[in-house]
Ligand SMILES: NC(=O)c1ccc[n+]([C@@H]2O[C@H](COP(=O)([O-])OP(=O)(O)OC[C@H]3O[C@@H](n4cnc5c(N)ncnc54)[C@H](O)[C@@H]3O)[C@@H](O)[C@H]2O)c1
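Just one chain follows, in the form predicted on its own, and it is written as structure tokens.
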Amino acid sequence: MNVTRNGFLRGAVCTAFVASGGCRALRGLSGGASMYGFAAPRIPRIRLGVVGIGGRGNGVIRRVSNLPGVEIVAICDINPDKLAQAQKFLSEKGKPAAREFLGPDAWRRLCDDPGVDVVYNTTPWDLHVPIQLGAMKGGKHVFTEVPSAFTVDECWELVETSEKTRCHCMQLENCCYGEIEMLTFNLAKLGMLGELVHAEGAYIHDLRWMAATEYPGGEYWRFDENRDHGGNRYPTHGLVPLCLTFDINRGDRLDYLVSLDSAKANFQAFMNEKLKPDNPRRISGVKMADMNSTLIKTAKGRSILVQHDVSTPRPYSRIQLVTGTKGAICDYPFRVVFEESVGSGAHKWFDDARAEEIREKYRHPLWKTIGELAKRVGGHGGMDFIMDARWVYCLQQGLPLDMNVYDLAVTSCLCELTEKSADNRSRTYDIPDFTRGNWRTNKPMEIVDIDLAKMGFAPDKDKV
């Protein structure tokens, strides 16, 4: 008999309540206090360790090196050349050399290093959860690329560990800091869209090239995920910004979902064209459908459509549609409309000039404060830099982070739940309440900003 990590006793208690859903309510009894609203003691000088010095890790080092009060003290990878490249960049920027951690398990030593305050995790997906757990157990705050977990159990373990250790565990969902996503949040908070009723988000990105890409030491790990899994394996880019706008975990919560996979054609057609007939990838094919569509109902009755498509010849889009009783906003391309008066209708989007006027007038404060600098530093049009500047500011000032482990869990768990639903004729699956009921009283996220002077930016902050 296999006993889960939750223990035999908890399982026995759950058995008595399974018919009423009590088991779900009892999950995650960590013994720690809620991390909602948690503010760690101020860290004026943040000692950062970066694990995974590939494309994303290199970007982190280049961005964060522009933020006052942050020192990259440790870097970790399995490839010595990657470490050397990072050290070369730090030297060229006049920064001290970082301690090096080399090898498949070297991240464990970095997580235990007393000279590191924060771990920035940009590794392949299978290492996301182990490194987050290792960092928190080592007393470190941890920030992890998306998705940060893949199963419901993993999400509960991250929640429990964050609560026990009192360490931040935040998912690095950079799209929450995109200009249009933040404009949407702003319009919603200002009441411009009225009562919110429906939203749509997506990750639509032609990544067929992964099927013909090799990775040092074996096949490309991200293609392996598409080969082995259906459902929505990358839900957060489209979903998390909508969750913040909808006050998910802060007055509303994701209740249940149904998920549908389309046929599978594009990956196979691509491999038939690009790979030799005896190539194992071409022979095995992929489980990932061309399109996964997931419908989510919230506790307050609102609906969210989330889509995932990484194989069709279709332009990139995250959709980002939010509709309310007074208007709607959408991206790719950017469009917006408001009703002129109650019941007057909105039968076409505003013209480009009026849409741009709204974009300028209601631009989020973070984009007003640091947007131009962010565009120059880079990182997906600047949103990566704004994301990093914001979490750095919060840690330096002793403020709660914009997102917490509950936001990570409720969105990352869709990786497992959407696959299960799609595999079972779109059966309905409940989405766990990782807040254990606290969503009812948690306060909504506010419109936030940063104080560049407090961060230590000089008056000529625009020069990087």
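Note that the structure is a prediction, hence the values are computed from the model and not measured. Don't overthink the numbering: it's just position in the shown sequence, from 1.
There is another form of the same protein, the form predicted in complex with the ligand; it is not shown, and what comes next is about it.
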*If you check in the predicted bound form, is residue 82 within 4.5 Å of the ligand, heavy atoms only?*
yes
*asked:* At 4.5 Å between heavy atoms, is residue 172 in contact with the ligand in the predicted bound form?
replied: yes
*asked:* When the contact criterion is heavy atoms within 4.5 Å, does residue 204 count as touching the ligand in the predicted bound form?
replied: no
_At 4.5 Å between heavy atoms, is residue 107 in contact with the ligand in the predicted bound form?_
yes
*Name the stretch, out of 96-104, 321-329, 256-264, 241-249, where some heavy atom lies within 4.5 Å of the ligand in the predicted bound form.*
96-104
*asked:* Within 4.5 Å, heavy atoms only, which of 76, 142, 155, 386 is in contact with the ligand in the predicted bound form?
replied: 76
*Could you work out which of 196, 305, 337, 127 is the residue within 4.5 angstroms of the ligand in the predicted bound form, going by heavy atoms?*
127
*Of 236-252, which residues get within 4.5 Å of the ligand in the predicted bound form if you count heavy atoms?*
237
